[in-house]
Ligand code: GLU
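One chain is shown next in structure tokens, namely the form predicted on its own.
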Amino acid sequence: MYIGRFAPTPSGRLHLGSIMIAIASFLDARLNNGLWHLKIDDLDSFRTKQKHIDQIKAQLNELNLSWDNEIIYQSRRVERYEYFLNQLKKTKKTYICSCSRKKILEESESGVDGFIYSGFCRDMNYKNEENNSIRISVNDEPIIFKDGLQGEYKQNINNEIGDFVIKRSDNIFSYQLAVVIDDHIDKTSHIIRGSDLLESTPRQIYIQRILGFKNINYTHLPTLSYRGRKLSKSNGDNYLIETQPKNIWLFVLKLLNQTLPARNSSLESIIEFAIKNWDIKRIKQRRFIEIDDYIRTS
């Protein structure tokens, strides 16, 4: 069965890039008669605010993006994360790391997604987890998978990332571990998300393989940028989200190169048309979409 999901971080209102991902993943699930889950990535309590969760729910409701079943909250799954962390420990592939951010910056080279960890603590055999992080050791074999849009992607985690953190020194489980466990628990079969997470996928596949989880179909859509800069909540990028839901839907469908319904259609008719005519193959294979080009021609 097709099971998809949309997993925003409640650190602010959804910007246009997140809305595009929500619409695309929703359409793909509905076209395939599947389920579409809403998962709130709220593990980091310092960034999470209830008002932002409420805002995200309200935005999705305004756009008629209805999720299936109850909302999933990562913060309610800490015991499950701990269980699977212990399973990973049994494989002897995890270790305690005492390296500070400063030390990593001083001793590491820049990689595809941050700095490449040198493995300094791998053989230290530290015993105390308090105020230290937990890393998972990687091998020298490349991870290769076929993305639904970007094509074949290959990454040697050892050379391009290094051993990576699965539990932070502040006792918060890392995104890389939590998302893998979430998708296993929820039986997620298809993930549609932004290309800014493409470099993270091999790490998630690596954990999946160690734990014996099923493979997932990944599709990474182009990330939106405005005048050369990626859209971001932290930058206050709220392009077009204040406009009417109909206009947002039409603009997003245009960004995704989909067949467009009549502009005078109702919101319900636009969504019905979009589901019937959804074709992910129409999206151009690229890492970024410059929305300024579309704004000037709208």
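Fair warning: this is a prediction, and the values are worked out from it, not measured in the lab. Start at 1 and count along the sequence shown; that's the residue number.
Another form, the form predicted in complex with ligand GLU, is not on view; read the next lines as being about it.
Although the partner is absent here, Val179 lies within 4.5 Å of ligand GLU in the predicted bound form, judged by heavy atoms. Taking the partner from elsewhere, Tyr175 is found to have a heavy atom lying within 4.5 Å of ligand GLU in the predicted bound form. The closest non-hydrogen atom of Thr9 lies within 4.5 Å of ligand GLU in the predicted bound form. In the predicted bound form, ligand GLU lies within 4.5 Å of some heavy atom of Leu197. This chain is displayed alone, yet in the predicted bound form one of Arg193, Arg135, His184, Arg77 has a heavy atom within 4.5 Å of ligand GLU; that residue is Arg193. Residue Asp41 is the sole member of 41-59 found to place a heavy atom within 4.5 Å of ligand GLU in the predicted bound form.
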